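The data below hold one chain only, encoded as structure tokens and taken in the form predicted alone.
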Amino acid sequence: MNKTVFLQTFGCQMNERDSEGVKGLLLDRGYAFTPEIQDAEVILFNTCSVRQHAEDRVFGRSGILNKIKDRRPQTVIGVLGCMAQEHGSQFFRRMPSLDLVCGPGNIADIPEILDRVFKDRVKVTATDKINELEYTMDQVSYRSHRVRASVNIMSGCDHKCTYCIVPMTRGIERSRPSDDLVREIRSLAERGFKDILLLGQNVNCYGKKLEEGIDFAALLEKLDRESGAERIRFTTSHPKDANIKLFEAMRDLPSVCEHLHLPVQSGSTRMLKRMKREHTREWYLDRIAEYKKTVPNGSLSTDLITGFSGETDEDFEATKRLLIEAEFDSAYMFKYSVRPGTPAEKLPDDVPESVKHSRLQELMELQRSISFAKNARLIGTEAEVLFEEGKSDTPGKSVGRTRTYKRVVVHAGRDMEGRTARVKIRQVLNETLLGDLVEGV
């Protein structure tokens, strides 16, 4: 095509993987990519619907897109991903400059959709494959990183959390056959990728609808045995489906890293019930106690929502106490925003925005202190670090991750990309560990 594309991604790691696949598909068709929106003949936004802020950022581009369209009417502009699935053809009324709207299930069809737009100059809506079982992005060889690679093992979610729009935008749970995953990951390992991230809205539910009779722990065992991957990580997990089999797999399988992301969302059982999270505060704490006992050197992260409908000062204090009791290594925290079409839309959004903001800031500050204290305990210890890149602003420095997903920076004096080495931790800087290569490495 010899046309230039600007592609911007919003949201989660699954969106990042989808964008990576889109880029690979278009590169294979002769498209080129540019970081400058003004230079692009095709402008694509891969979007997220989980929070209002993410949607506002996309709608906020409307002005500049209208100007580009006025100046260059032949420019093709499209919205991909969850917002496309949520709004469908209504997007054209909100953003008249758009030429195409493509949901996550149709994203592998982007080359053909662009062909149609360029040829016929029609507006195209493609959102009909939300529950498709076939997964085609594994055929795309392009990867944006040289050391790590993400692999979708499943998509969709069958849980019914009241605040969550994911079942509407990603569809029902569908798992990929384990043999397909072994082949894809083995190919990545043979190409030199060292860190494989398994992706799904709820990876712990993997295999429930497959005829082969396999669960997530069994998949990890199979990948450890057959894929050749050096490191395997995964995200994200629902507490209801996390179990001792998973924890034992993390403990016993050499390639599976010791980092668990287990979203709790609130420390108040009353709020969890209102959110339909299917677990209580006590149940969650028991589960992570079991994890810490089974994987004593493992790390733990979580997601939290503040300001959900009906959240009182007492509910908020319960969340703060949970942070202290759980001692998360890190946490992703967000202010609640109503998602259209979710059950929570019928609940009053009764926590003032100023209160949401102040509670979020308080939680973030508390978690920063907890994270720093946990990281400080690592000073003087050694860790296995897989180096992913150099620091372009500081020649000679390399950046990597421990098996527990801690970010580490060392002054190696040489290129360490793709190498695994022992590092002695000597300092903590915010959420980054500073260390030195162990003698002899």
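Just so it is clear, the structure is predicted and the values come from calculations on it, not from any experiment. We number the residues from 1 along the sequence you see.
Not on display, but discussed next: the form predicted in complex with ligand SAH.
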*Just one of L378, V409, L386, V50 has a heavy atom within 4.5 Å of ligand SAH in the predicted bound form. Which one?*
V50
*Of these, E362, D241, D303, E112, which has a heavy atom no more than 4.5 Å from ligand SAH in the predicted bound form?*
D303
*Within 4.5 Å of ligand SAH in the predicted bound form, do we find a heavy atom from each of H259, Q367 and T402?*
no
*Evaluate F193 for contact with ligand SAH in the predicted bound form, applying a 4.5 angstroms cut-off between non-hydrogen atoms, and reply yes or no.*
no
*Is there a heavy atom of M95 lying 4.5 Å or less from a heavy atom of ligand SAH in the predicted bound form?*
no
*Using the partner position in the predicted bound form, report whether P263 sits within 4.5 Å of ligand SAH, counting heavy atoms only.*
yes
*asked:* Taking any heavy atom pair closer than or equal to 4.5 Å as contact, tell me whether Q201 reaches ligand SAH in the predicted bound form.
replied: yes
*in the predicted bound form, which of the stretches 95-103, 283-291, 334-342, 250-258 has residues with heavy atoms within 4.5 Å of ligand SAH?*
334-342
